[in-house]
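The chain below stands alone and is given as structure tokens, in the form predicted alone.
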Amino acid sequence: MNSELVKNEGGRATLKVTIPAKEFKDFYNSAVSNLSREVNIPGFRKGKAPKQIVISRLGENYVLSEAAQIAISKTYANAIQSNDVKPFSEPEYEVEQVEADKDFIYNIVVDILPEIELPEYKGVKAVKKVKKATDDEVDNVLKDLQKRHSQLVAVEDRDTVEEGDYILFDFKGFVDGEPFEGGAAENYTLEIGSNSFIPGFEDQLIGQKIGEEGKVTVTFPEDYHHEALKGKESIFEVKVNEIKKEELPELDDEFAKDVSDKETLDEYRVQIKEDLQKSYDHQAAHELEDQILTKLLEESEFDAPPSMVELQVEQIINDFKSRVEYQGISWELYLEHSKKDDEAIKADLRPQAVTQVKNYFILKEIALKENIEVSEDELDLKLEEMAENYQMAKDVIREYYEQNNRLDDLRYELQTQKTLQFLVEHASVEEQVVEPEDLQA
């Protein structure tokens, strides 16, 4: 048997294996013997039919296919080892030549572990963006909370709709004189000025009186998610049933007790500011790690195994689907609105997947060189932390990870955190004060 590495790029290796005709003849004869024992041939006991009868009964191509499978199974491992190829995925086989009296030639195509030559990873220059939480931001958080805990109360001193009102109203829409699906509702709640309806709809409700019937004329946008309504003019019959206004709770100690575990508003303000600062610090740390990894990636030249990239693409798209559906939007509707199909979405996400896979190998290589490992005590401490967060017994958490074969995933997560911490500690970091919008989410 002769084998040679004919291609090694893109994270894949192709080996060409040639088995001389004389050796392949042995595999051919083995295939005939195996088939003779497995196939019922009239007039013969299994394994007793003559060679030519077996070939005639099953066909030359069938026997050659069986011989090729035997030859590949017997020579694959040796071809991989002799060419010092480290496979990462299940191999693909491409038969180039298979005939009874000729050399058998086939190719092995397999994803391989990349050989990484790391750049200098200590002393990487990076900028840490620092943001300090302010009292104005605390005020904004409280205003948002105040709004979320507001109540809608009936307006009693007027019967005419104004900007900012919340109304309960009936509506029924018509296109070309015909009602359309989803175009009608009763006692629907709408905030005037929220722009949650078709542009121009809410403006035409201002001045409408309670109990009076009116009409609103609008044109659906050209990019509207329902194809049949795009660019169509619609007339809505409307009737306002009730007008309400938003009533905000007082920002005082009682409010703080209702929305937190603090006794006073001042204590709650301190907590809000601390939480904001923790969030900013976390964002800054995450962005700093990304900076360092990006620089290392730019200076590293290696290919990510395609099969691993595809697995990562699937993981990213599944997570993305979950977020979309969590918002109450079906994946089909999202695709329709984005004017893309699954393959286009995957193509958009593939560069992100490549980066994540390459980062995985860079961090693993640095951890290996620096002997960064995760001890059992560190793993146990992480399980305790998770148990506390989920309010479950630590043994239950460990059992879950063991039964689902995910303890190694948890170890890798901890090793990654330690490796990133190592890179940050050995980086040349300059701090820069920024506004919160300059921090990555």
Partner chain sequence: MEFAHDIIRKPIVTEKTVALMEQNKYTFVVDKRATKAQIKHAVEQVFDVKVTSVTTMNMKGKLRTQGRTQGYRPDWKKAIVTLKDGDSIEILEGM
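Positions refer to the first chain, counted from 1. In this text, all values refer to a predicted model and were calculated from it rather than measured experimentally.
Keep in mind that the form predicted together with the partner chain is missing from the display, and what follows is about it.
Under a 4.5 angstroms non-hydrogen atom cutoff, the partner chain in the predicted complex has Arg57 among its neighbouring residues. The partner chain in the predicted complex is approached by Phe44, whose closest heavy atom lies within 4.5 angstroms of it.
In the predicted complex, the partner chain lies farther than 4.5 Å from every heavy atom of Leu379.
By the criterion of a heavy atom within 4.5 Å, Lys48 is counted among the residues contacting the partner chain in the predicted complex. Out of the listed residues Ile70, Ile53, Ile372, Ala387, Ile53 is the one that sits within 4.5 Å of the partner chain in the predicted complex by at least one heavy atom. Partner proximity in the predicted complex, defined as non-hydrogen atoms within 4.5 angstroms of the partner chain, places exactly one of 60-68, 389-397, 36-44, 403-411 at the interface: 36-44.
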